[in-house]
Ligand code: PMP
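In structure tokens, one chain follows: the form predicted alone.
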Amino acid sequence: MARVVYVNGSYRRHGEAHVHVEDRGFQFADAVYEVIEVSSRQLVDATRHLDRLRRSLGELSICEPMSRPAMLHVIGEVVRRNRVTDGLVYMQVSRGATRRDFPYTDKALTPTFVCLARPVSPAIRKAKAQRGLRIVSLPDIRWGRCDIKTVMLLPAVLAKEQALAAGADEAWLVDTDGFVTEGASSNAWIVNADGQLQTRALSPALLAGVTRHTTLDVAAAIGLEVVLQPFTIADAYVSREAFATSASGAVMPIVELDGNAIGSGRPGPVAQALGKSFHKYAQHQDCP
């Protein structure tokens, strides 16, 4: 659990950190967020995460709560105060608090900024990668701008709950044309019959994952061919391998989909090679 949380200019004890009851993030999901990995007290791919945060804010016309150097300072201080060596930093920015009303253009709003950090055991994540993930497929019922990393996560929550009830770790969401968009909290990949990495091209249907971006860098560096094309659940069933990418898990092999073994039913060599090389190519920077 986080010990100290930053909320709108103050570092507060976890149990005493609150936002206003009429904050638009709480009442309308009018907010965006980012999650950054902390590895050996360094931020992983922070530049790309903060670039995406800026884009999400811009797409929703929410003002940035502070400059990037100031935000990095807050992140570093939150990591330090929570004594996180390996873990995750969570940041959320809402449009702010005001009397509940749908329109916002005629209101002078100050964004709400929250930042917290929690430790995550590298040993637990390594064990999960060695075991591999079990996945279920579900209809994608989310809104049409999944490229914006908003806090409107109810469909993802429901998908995660259905996956858990089915004894799985994650869900892959399927659009009305039968193609996989992404996972409930990860990007989706397969290694197809030709040995190519295959993942869907970016569009409003899915998030431009930072870990996805770095995985593309890793693939290029180690000589793996990538095709940016959608694939179906049927394609995934007969793929050589499958894996998921996210800030919380980096590259996670998938061994089962809807009860069907993927490939050998064990973490595949391509996913393992990507996972082993990921932090070599990801950006690392010291906390300010």
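None of these values were measured; they are calculated from a predicted model. One rule holds for the numbers: they count along the sequence shown, beginning at 1.
What follows is about the form predicted in complex with this ligand, which we do not show.
A heavy atom within 4.5 Å of this ligand in the predicted complex is found for one listed residue only; from A219, L43, L53, A247, this is A247.
Only one of the listed residues (I190, A184, V74, A168) places a non-hydrogen atom within 4.5 angstroms of this ligand in the predicted complex, and that residue is A184. Note that among 94 to 102, 74 to 82, 211 to 219, 116 to 124, the stretch whose heavy atoms approach this ligand to within 4.5 Å in the predicted complex is 211 to 219. In the predicted complex, this ligand lies farther than 4.5 Å from every heavy atom of A129. This ligand is not drawn, but in the predicted complex it has a heavy atom within 4.5 Å of L207. This ligand in the predicted complex comes within 4.5 Å of no heavy atom belonging to F28. Interface residue remark: Y237 is not counted as part of the site for this ligand in the predicted complex, having no heavy atom within 4.5 Å. Taking this ligand as it sits in the predicted complex, the stretch 18 to 43 comes within 4.5 angstroms of it through a non-hydrogen atom at just one residue, Y33.
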